[in-house]
Structures are given as structure tokens and as C-alpha cells.
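Included below are C-alpha cells for two forms of one protein chain, each presented in isolation as structure 1 and structure 2.
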Structure 1
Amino acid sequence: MQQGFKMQTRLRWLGDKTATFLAVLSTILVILPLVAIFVYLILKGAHSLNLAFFTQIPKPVGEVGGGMANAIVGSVTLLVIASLLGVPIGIGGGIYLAEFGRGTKFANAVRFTADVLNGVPSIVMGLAAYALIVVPQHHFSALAGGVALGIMMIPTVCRTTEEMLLMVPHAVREAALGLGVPNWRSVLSITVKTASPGIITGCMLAFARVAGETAPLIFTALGNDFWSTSLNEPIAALPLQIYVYAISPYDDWHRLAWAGSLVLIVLIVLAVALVRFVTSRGVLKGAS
């Protein structure tokens, strides 16, 4: 009997170690492609980064040098427009689905639409924005590009917000209502605040997804080789500039394309890390 107990103990120990090993291996396999891509971008593009890259606009064909300063500013402009459109609408839709529209036909239709939009190719989003904004305006613009990216953010933010709110225990809602807090205030001040880390993660996932999109911008923002910050004119963007340089036959443009890819990845990582840091401090202060 004692021998059987020792055998079971060994089997449990072996099972525990095996599960731990598989979990660590899975984590490594998830992180490894990201690390490999980042290292490769550093090797290919880091030597092309200099002050001119961040302060100058692209040089004409045949001239060596230049930079992507206008594309960096353009990407920031487009992402700000997209976030101002996609994040509030997405969070509002998620709150409705989780708190006010449970079981209704309209909520089911919204949920189904969000799931469908999540799978729609980005180029289709660009064509839709082209038909709805560019054609009536008769010109390309930064506003059209930002709207296209914002529409792409909405379904991801909406569904993530809904799932995070559904994970909040009902006891939290009941406690707030029992204290006489109005339902709308309970949702905004307690439920949403409790689920805020997950909601922020969903917003960052949507942000990272659209930050590198090129196809929608071809039909909306178009691109611009010069300085432009007007919302009513074509504007440059890092993904567009990288695409143009990558398909060109010029080695100098290929070098700048690698540098632009590295800068784009770094900007996305820094933006996500900064938002997570600021919001986590806010959450901790609120909890204290």
C-alpha cells in the first residue's frame, strides 16, 4: 500500500513537471517569432536610422538620403483620429451588449455584426471608406484614412469590452444597487472601472492591429511626399511609405523601408507600454 502511494506521488510529480515544461515551451514558442522579427528588423534597419530619418521628408528618386518625418507625423495623426472614433464607440457598444441589451434581438444583431466585421479583410474596409467618404468629397484625405482605421477598431474594442464586463461578478453590481447608486452610475463608476485593465488591453490590441495597415490607406489617405497635417488633404503614413519603398527598385529606398518598419514596431510597442503604465498607475491609485 505504501509502495502504491509512492508511485502515485511520483506520477503526480511527473505530471506536474511535464505540464510546467509544456507551459514554458508554449510561452517560448509564442514569444520566439516576435523576438526573431524584432531582431531581424534591428539588423536590417538600425544602421539606417539617423537624425535625417526623423527630421527630413523623402528625397526625390536618384537622391540619396532623406527620411520619413512626414510619414511618422501622418501615422500619429491617423491613429489619433482612429482612436477618437473607434475607442468610444467600441466601449459604448460593449457596455450596451453586456449591461443593457442582454437577450434582445438588437443586441444579438450588434454582436453578430461585430463578429463579421472582425473577419472582414482590411482592403474591403478601405473600399467602403472610399465609397462613403472619398467619393462624396471628390478627394483623398487624412480624415477618410482615420475613419477607415477607426471602423476597423470598433468590433475588436466592442467584443473585448463586452467579454471583460461579463467577467465582473454580479455581486459587485448588486452591492452598488443595494446602496442606492443609479444603474448608469454603477456601470460607469464600478463595473467599467473593475474591468478597465481588460478593456484597455482590448483597445491596445485594436490599436496595434490598425497601426500597420496599408490597404485601407491606399484608398483613403493615399499618401503624400511632402509635409501635410491637414485633415482634408492626402497625408503620409509609415505603412504607406514602407510599402512604396519596398516595391521600388532602389536599394536606398529598400534600406529606408527596413528602417521605417523598425520605427513603426518601436512606436507601437512604446505607445502600448505607455498607455498600460499610465492606466495601471491610475488603477492602483484608485484602488488605494
Structure 2
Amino acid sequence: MQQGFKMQTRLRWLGDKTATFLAVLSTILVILPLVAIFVYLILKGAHSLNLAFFTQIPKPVGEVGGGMANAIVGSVTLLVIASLLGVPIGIGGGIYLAEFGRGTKFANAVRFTADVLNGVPSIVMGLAAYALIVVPQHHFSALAGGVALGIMMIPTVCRTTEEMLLMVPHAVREAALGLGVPNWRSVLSITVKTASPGIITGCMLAFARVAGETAPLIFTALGNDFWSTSLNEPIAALPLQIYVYAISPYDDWHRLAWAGSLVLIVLIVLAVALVRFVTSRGVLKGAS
């Protein structure tokens, strides 16, 4: 009896240690690919980052050198279009959810749909933008790519804006309304302003997410090898260029793909780290 009890205790102790070991092991296994990806990006990409990379357009196959300047400019163009579309509408939706629709069925439905829309594959967004803009226009364009990315930003921006606005204490709103400020002024210059660091970081997060999107651009922006600033023509984009180069059979293009990925990831990590920094510093808490 006593012996059996001891045995059982030993087994339970063993089970506990095994579980702890497995949890630590899985954490290491998860961090490993992250480290591996960064190490490879730096090893294979860093030595290709030179002035030419940022100032020249791609060279034809067989010529060594060239850069991704047009792709970087193209990505910026696409992201500007996407932000112009996604940020105001997203913030507006967030304001509605937090300020006007609290607890209503309509608001719950919007919130739910936004969350679900967040999980829709980006390639489907690309198909929708293709059907909406490319088909009627009969040609690929920067505009279509920007719209596809913009649509993807709306749900993310909307939900983060709402979350940030909900953190603003009620007393602030009441104080504003008590002074006779019209509601719209109160919302825009008091509530939204108080939450603005959070809202801006939310927008940055959505921005970082669409900055790396490739799938919706394949058949909207299409990509090209030249300087192009016209919104009505196909335009190059960094992720798109990386894709084309990565699946090509040329070593020099692979080199450029790694370098382009390094640039992309540095931009995204900076954005995410900034978000992390701002939210952990508790900029919002200072207001309450």
C-alpha cells in the first residue's frame, strides 16, 4: 500500500517534469525557425545591399547588378493608395463601434464580420479587386493593387481603433459634453485625440501586414521592370519582385530576392517593435 503510493507519487513527479520539459522544448522549436529565418536573411541578403540596390532598376537577365528601386517606389505608391482607402474608413468604423453602437446588435454584427473578414485569404481580396477594377478597365493597374490592399486594411484598422477608443475613460467624454462641445467635436478632438497613439500604432500594424502581401498583387498590380508612377499602369512592388526573383533560375536574382526580403523584414520589424514600444509604455494609461 505504502509502496504503491510512493510509486504513484514518483510517477506524478515524473509526469510533471516531462510536461515541463516538453513545454520548454516546444518553445525552443518555435523560436528556432524565427532565428533561422533572420540569420539566413542577414547572411544571404546583407552583402547585396548597396547603393545600386536602392537606386537602380532591375537589369535584364544575364547582366549582373541592378536593384529594386522601382519596386520600393511601387510598394510605397501602393501602400499610400491602400492607406488612403483603408485608414479613414477603418477609423470611421471603429469610431462607430466604440462611440455610437456600443452593445447594439448591429455593432456586434459589424465587429463579428470584421473579425471574420480578417481571416479571409488575401488572394480572394485580390480576385475581388481584379473583378472590380481590372476587368472593367481591361488592364492591370497600380490602382487595383492599392484597392486590394486597402480593403484588407479596413477590418484590422476598424477593430484596433475600437479597442483603443474603449480604453478612453468615460469621464473624458462627459467632461467634454458637459462643457457644451457638440458630440462630433467631442469624439474627434477629445476621444480620438486621446486614443491617437494607439490608433496610429494600430494603423501601422495593418500597414505592416499589407506591406508584405504578395498574393493580391499578382493579378492586380502585376509588377514591371521599369520606372512607373502612373496609377493606371502595372506597377512593381517589393514582395512581388521577391516572388518573381525567388522562383527564377538565376543566382543573381536569388541574391536580389534575399536582399529585398531583408529590406522588407527590417521595415516590418521596425513597425511592430514601435507598436510594441508604444503600447507597453502605456501612452493610453497616461490619459486615464
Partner chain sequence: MAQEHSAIRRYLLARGNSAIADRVFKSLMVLCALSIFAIVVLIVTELVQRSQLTLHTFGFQFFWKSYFDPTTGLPAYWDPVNGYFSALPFVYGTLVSSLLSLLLAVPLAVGVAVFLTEMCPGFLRAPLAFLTELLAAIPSIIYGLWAVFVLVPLLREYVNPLLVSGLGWTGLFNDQNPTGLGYFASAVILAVMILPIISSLTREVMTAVPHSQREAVLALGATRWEMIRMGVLRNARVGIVGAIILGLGRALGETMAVTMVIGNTPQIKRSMLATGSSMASVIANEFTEAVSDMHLSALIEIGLALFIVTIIVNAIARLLVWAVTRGAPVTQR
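Along the sequence of structure 1, residues get numbers from 1 upward. So that the term is clear: the rigid core is the largest set of C-alpha atoms that superpose within 1.5 Å between two forms. Just so it is clear, the model here is predicted, and its values are computed rather than measured.
K.L.:
Quick one: identify the form predicted together with the partner chain, either 1 or 2.
P.N.:
Number 2 is right.
K.L.:
Once the core is aligned, please say if the CA of Ile247 is shifted by at least 2 angstroms between structures 1 and 2.
P.N.:
After core superposition, the C-alpha of Ile247 moves less than 2 Å between structures 1 and 2.
K.L.:
For Asn232, is the CA shift between structures 1 and 2 at least 2 Å following rigid-core superposition?
P.N.:
After core superposition, the C-alpha of Asn232 moves less than 2 Å between structures 1 and 2.
K.L.:
After superposing on the rigid core, how many Å does the CA of Leu270 move between structures 1 and 2?
P.N.:
It moves 5.6 Å at the C-alpha.
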